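What follows is a single chain, given as structure tokens, in the form predicted alone.
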């Protein structure tokens, strides 16, 4: 640990549909908090994802499951801001809100999966994301960054060398972090539940209880 106080350590946000949240999401989030000495990581359910069809499970249910999953870990928090905003859930808008709340000097980081990087140039105002935050890319062993095109040039220009660089500026850099993979997917979980099989041990029991109590994914 670096000894940086929580008020000075970077704050990160990890967006996604979390449909439903599972141990793969949660373990990656916790590893990032500890590896990068983050003050907090906020899991932010997307209410209306702009790049895919809206999940059949409502944003309210998905956010409730995230909140239950992180209730025992103070370094992880469910951020419901995208549920309060009409229209597509653009990451740029959420980062702009967070930057306004944190002020201009606090280090803010956006976490994204390595598989999402290749399509980053299709995101709303993607080139402006680094004006608001750093980007942390979660890489899996054996995974490669894009090697050509606009995103590859963007990565090369803004790549950070070490986690400590996140504190040197409030925004503007891209850090690639390799994490141990947990081979769990929300698609797999939904398939299990839809066919009446158990998803136990793939997610916190409290989340599975919520799914059963609300008859989700049947």
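Residue numbers count along the first chain shown, from 1. What you see is a predicted model; the values in this text were computed from it and never measured.
Here the subject shifts to the form predicted together with ligand ATP, a form of this protein not shown in this document.
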Item to check | Interface stretch in the predicted bound form with ligand ATP - options 33-41, 145-153, 186-194, 163-171, non-hydrogen atom within 4.5 Å | outcome: 186-194
Next on the checklist: Please determine whether each residue of 99, 127 and 129 possesses a non-hydrogen atom within 4.5 angstroms of ligand ATP in the predicted bound form.
Outcome noted: no
Next on the checklist: in the predicted bound form, is there a heavy atom of ligand ATP that lies within 4.5 Å of any heavy atom of residue 52, even though the partner is absent here?
Outcome noted: yes
Checklist entry - Should residue 93 be classed as touching ligand ATP in the predicted bound form when contacts are defined as heavy atoms within 4.5 Å? => result no
Next on the checklist: Residue-level question: is residue 116 within 4.5 Å of ligand ATP in the predicted bound form, judged on heavy atoms?
Outcome noted: yes
Checklist entry - Is residue 15 one of the residues lying within 4.5 Å of ligand ATP in the predicted bound form, judged by heavy atom distances? => result yes
Checklist entry - From the list 77, 138, 108, 83, which entry has a heavy atom within 4.5 Å of ligand ATP in the predicted bound form? => result 138
Checklist entry - Since the partner is left out here, which residues of 193-214 would have a heavy atom within 4.5 Å of ligand ATP in the predicted bound form? => result none
